[in-house]
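Same protein, same chain, two forms; see structure 1 and structure 2 below, as structure tokens.
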Structure 1
């Protein structure tokens, strides 16, 4: 028995040595075995060299976030980069089908609306754990409750997230999306006597959350899937404050966890093995991406060069490379082009002279040749826009609906500007001395577009416009409606992409001057827009939000779009986006029309990628 015990222990030691090997170089190990010798069993020990099998490499997706995400906090995210980051780590109640755009269950398994549609009740999954990345071990760990059991996402987490987004102390720039919830706007704007307890969201039990709305809204299930509703960990936020989203601290519940965030350089993620929707856990998500390696490169040409060098798996096509990509025999096969539910526009700061005069705004708008812009600068199949919401959005006007009233017309543009100058007793030189500024966030494409339009204003109006740019996070702060007027540009560039396919998400939530973002500063009584006067557009969008007749809603939205683009000429809608992307042949991906990219659904042929990259 003693000899057998020694033999077993020696075998265990040898096995441990073998298991501990993480390198491909030969390792010296002691192997003990029992052999027959002269009819007897004897123990033989020998030293041998073995080459251990390395662990499988993680399937890695190489992407470009495009810029430093301003935040990874779902309650604070307002831009597409931050939404893409948060969307990998946190689950909403619903999500959009990547092909049909239909609203589907996600964290919620089902929901129902009350008769009349003003109350929605969602029933949650019971198997989604809170997880955390351990920076010391490199492993993803489940968060345990006081009893040592995995802590599951529940309805109370959803209630907390909604009230946190609406809490004025959170200062969420996207809180207005939740004004559809009863008392959401009143709580967010600090109305007397309204507290968080008055907001129309309540956990009925651990797995049921109910929303009471200000008015019936058939599109509310889509809002319920937005990042500002995604459950977040109250106990972590209260303990860590603003630092709660840093790696090693952040606690999440989605398909990926953040492992590293080198600000200004890269943000990386790792698969959450406890996420119940993976096929390996009994779910139906079959994506095989283990690691997301994301860099932050603002220059499209640099990102494209990395793509051509097989250092990125997919990227956008720079304006300067569009013709080459379309004609190249290999790149053209990797090229994808399709309409996108986004609109690119230039906003006027409506309360900053001289753009506080509608004649100046109309002059600048009519001096822009949008068709030339898309044909000669963009070259990606974009469509000139004359209103805000693109085709595919409920209530959107038909393309070209207002083009006769707001055409490209240099002569009329000059006449409008001259009428303004004559009334003010100014010359064109006096006007140019005002120092008109156009600002965009740092990007080669935005710079080329700005240069083209700058030249149009020079050629068609004789106006000199200075172009400036800022890094994305700084830029978003600069163009807020609360920034002092002398610190904002006269004209700014922005794009808007769909959150849910209804005009309410466009004209109301972006431009309404009492409930929306109102970066245009429409109707502002004072310099920082703390007081505004409602205008016809705002009244129309308020009416359309609560109107239950679909045809009447369409009429109201048509009037509102006309009021904004023609009567007020509050901004210049430039073009409707298209997707212009190249993707390596080893990557199978989708192009969801709404929401964050579905990296969890993507599949990489790892052997093909390794062969192409020489790995």
Structure 2
């Protein structure tokens, strides 16, 4: 009897100790107890294993969105912040591999192209439910259909989303990305007699959706991964109108649901427990982040201070902190330099004398020391560019592919310019009297780059180039192809960032003189390019767009890039962007080069984070 009493008292003590040790790392506790054994008092020492209770708080990722997202509606998103937000809440048909950028299954498990490549059929997952966050209970709830079953995302939702994006009444900026779909452009521009029913997207059954294209397009699976194709809930949009993306109203299907959106200040999310791809639900997505707490800090140096104070798990590195980050023993380990699929370039106005002569363009291009620009001016580990599309884009030549033909070579540059001057019977002074102008939009970093290149032209060619700048929207107006020749600068600055990882999005959409904005004014019959003649480059890019054989496409794009950067020297590719980031050691992450960041794959060592933040 006594023994049982002793045992019970021991258990109670152990229980108390266990409670006191809650939320601690696993440990063993020594319990000392005086017990009566066979009529004598004995001191018994026992080792009790204390099992720690799992952390009751959700695993929280602290990030900086950077700015208030202009929208969370995937049909309207155009900027990286909106895409990042919408990408957590809505699944596209495909997604891009966060490491390689290749197209992978996402909402669609498989797809096939028809013979000829103008019809694509996607087969959808059948287990992704629509969910909604209940602001009153703080729980994520499944949306039920009329029969009380969870309402699954189906092919009709995809069809609706595509037609909605193309509907002129939706007024979506990125509707033009879907012009590749049959009648997409006609419907979006309100062509006579074309209705939503004529658009080449159709749900064959609940789980199969078919796209009919205007012309064969090998890159269509990449387009299908873009946010404008993500299924959206028709019934919610029709009931709530423009404000359908507010928490409590919005119905989503992605890994995270929006719980709170204080406009301009914070946007927070929570794990969607019904999402079938989580490992816990039998899927293969292993991220452990329960809550995304996202602030909107515009100022990079403030975000960096927040990071140093352990208030953010990852952030960008401001240029001013680069040297310190690289030399600091801790920060240098947390630093990572990830490629960003963007290219910075200087365009020539190809029909404005003297840049209507390829020798002048080549001379200016070869007189720029891009390596020195990257090392001494930019200092962010960028890659010098010798063509347009950065590595990671389908069809992009290897970096440096054309650097033999278009090297930094002041001697050759000078000779080319001299050849031109001799032919025209000009002296260098006459040339300088032309008032060559380089223009960029107002920004400190663009000004620095322009000043460096201006100096290179002065040193290597002896030419005087005037640098001017204008406010962004005024600037974009100035460099349009319709601006009279004497008002447009000779050389202008621009950049381009990826929408989908295919050369078509680069050389064709930007530089093809009928499909793109043709700011370079290539092949113009008149001064303001109301009429253009296709050049070899334009024909190559047209051809590559509809070519079915991937290898053949690569060859065509290689040739097109060569044509533009070397043969025509129509522009100067300067460098490929990088993102300089720091990440706390407790966060395991990827650096997806395009699309929304894959927070669903990220893993936080929660105990390490808590220990560091003192939480």
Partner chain sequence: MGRYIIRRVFGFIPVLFAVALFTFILVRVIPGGPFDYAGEKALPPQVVANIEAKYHLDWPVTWQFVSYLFGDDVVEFLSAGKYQQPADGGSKGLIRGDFGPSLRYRGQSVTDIIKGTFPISFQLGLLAMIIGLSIGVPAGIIAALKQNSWLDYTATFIAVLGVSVPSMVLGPVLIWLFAVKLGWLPVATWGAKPPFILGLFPRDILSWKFWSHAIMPAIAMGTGMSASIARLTRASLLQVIREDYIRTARAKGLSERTVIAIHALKNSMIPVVTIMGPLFAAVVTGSLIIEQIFGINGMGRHFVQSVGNRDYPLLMGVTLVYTFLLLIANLMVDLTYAWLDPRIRYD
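Residue numbers count along the first chain shown, from 1. In this text, all values refer to a predicted model and were calculated from it rather than measured experimentally. Rigid core (definition): largest C-alpha set, two forms, superposition within 1.5 Å.
Form predicted alone, is that 1 or 2?
Form predicted alone: structure 1.
Cα displacement of residue 550 between the two structures reaching 2 Å, rigid core superposed:
Yes; residue 550 is a residue whose C-alpha shifts (by 2 Å or more) between the two structures when the cores are overlaid.
Any CA movement of 2 Å or more for residue 480 between the two structures, core superposed?
Shift of 2 Å or more: yes.
Smaller rigid part versus larger: rotation angle between the two structures, in whole degrees?
The computed domain rotation is 34 degrees.
If I align on the rigid core, how far apart are the two C-alpha positions of residue 352 between the two structures? Answer in Å.
Reported C-alpha shift between the two structures: 16.5 Å at residue 352.
How many angstrom apart are the two C-alpha positions of residue 516 between the two structures, if you fit on the rigid core?
Its C-alpha shift, to one decimal, is 6.5 Å.
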